[in-house]
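Okay, so here's just one chain, in structure tokens, the form predicted on its own.
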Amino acid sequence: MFLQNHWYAAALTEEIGSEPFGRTICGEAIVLFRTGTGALAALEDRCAHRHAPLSLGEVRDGVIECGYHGLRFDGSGRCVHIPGQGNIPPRAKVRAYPSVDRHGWVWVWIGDPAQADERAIPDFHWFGDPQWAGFQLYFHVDAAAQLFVDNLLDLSHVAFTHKASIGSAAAADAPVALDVTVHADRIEGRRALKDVDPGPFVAGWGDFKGNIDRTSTYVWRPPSHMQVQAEFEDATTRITVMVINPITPETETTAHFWMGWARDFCVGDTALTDKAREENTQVILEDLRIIEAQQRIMTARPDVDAVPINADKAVLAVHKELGRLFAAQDKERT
């Protein structure tokens, strides 16, 4: 079960070009392509004729051609050509999804097209801003999207899961200031650590020689978009990293995960960008190892509930809000 009437990240903007691009979003097979003007199009990945995936075809003259019998569909999902046949049946059409390029991602609206409002797409403006430098990465996850959301809402795992990269085991029991605030359209949290080991990767980014203060301010927006502002500082240096994670369900137990990483320091240092890309790939793989193992256990033992701890304050707040949103969706359908 997925939240409808929301924008979901479907791909990186650079991935959608002259070839059909197929991806399953919230259990729905979708094909993305560019029309003759370069505009983005998103259709259900199914030919109206014999249900062959349109993603196995090709884009010709700005429309997508089925690789089975050559029927062509425009960006609205309407069939515009049938080989050897002049008349086109009115039913020869497929569903079109509202889609938008924004901040380096392609966003697809799942739900009622009449309710699609581009203003609801998260403002991830750091990508394309000349005052910031960074990159975007994609990972396929063999686990439910919400497990990765929960991972990012509970940063106490950093000291353990990421002790070889961005965390420090010495900070595991450090006093933590943890605040969670519920707003109408988002949930925000803040986690502050004082005088802790920065961890090997962070030490390199800021050239830190000793302990630092680190503050993480995170924002969750429904259905599953995460934003973390990480600030690291000592007596002489202060750096900020924005970590952006659109997380999109593929199925109930698989997901698409993107990391956008942007920094406000050494903006012109391409070698640092390349190094940070490699390092953050390691960070995400450290998360994946745990999260995919979680999913395997949860699939095998669906009867066992998780036991919450104090660090789950933001996780519990988000789950409560998701319960409200699903209840409202169910009520709207009845």
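Residue indices: 1-based, along the sequence shown. In this text, all values refer to a predicted model and were calculated from it rather than measured experimentally.
There is also a form predicted together with another copy of the chain; it is not shown, and the following applies to it.
Exercise. So in the predicted bound form, does any heavy atom of Ile82 sit within 4.5 Å of another copy of the chain?
Worked result: Yes - in the predicted bound form, heavy atoms of Ile82 and another copy of the chain come within 4.5 Å of each other.
Problem set entry | Partner contact for Lys209 in the predicted bound form: another copy of the chain, 4.5 angstroms, heavy atom | Output for Lys209 is no: heavy atoms all beyond 4.5 Å of another copy of the chain.
For this session: Classify Val267 as contacting or not contacting another copy of the chain in the predicted bound form by the rule of any non-hydrogen atom within 4.5 angstroms, answering yes or no.
Result: Outside the cut-off, so no.
Problem set entry | Contact test in the predicted bound form: Thr254 vs another copy of the chain, heavy atoms, 4.5 Å | Outside the cut-off, so no.
Exercise. Pick from Ile187, Leu147, Val202, Val243: which has a non-hydrogen atom within 4.5 Å of another copy of the chain in the predicted bound form?
Worked result: So the residue touching another copy of the chain in the predicted bound form, by this definition, is Leu147.
Exercise. With the partner removed from view, which of 86-94, 103-111, 210-218, 193-201 is the stretch that lies within 4.5 Å of another copy of the chain in the predicted bound form, judged by heavy atom distances?
Worked result: Result of the contact check: 86-94.
Exercise. Listed by sequence position, which residues of 14-41 have a non-hydrogen atom within 4.5 angstroms of another copy of the chain in the predicted bound form?
Worked result: Nothing in this stretch is in contact.
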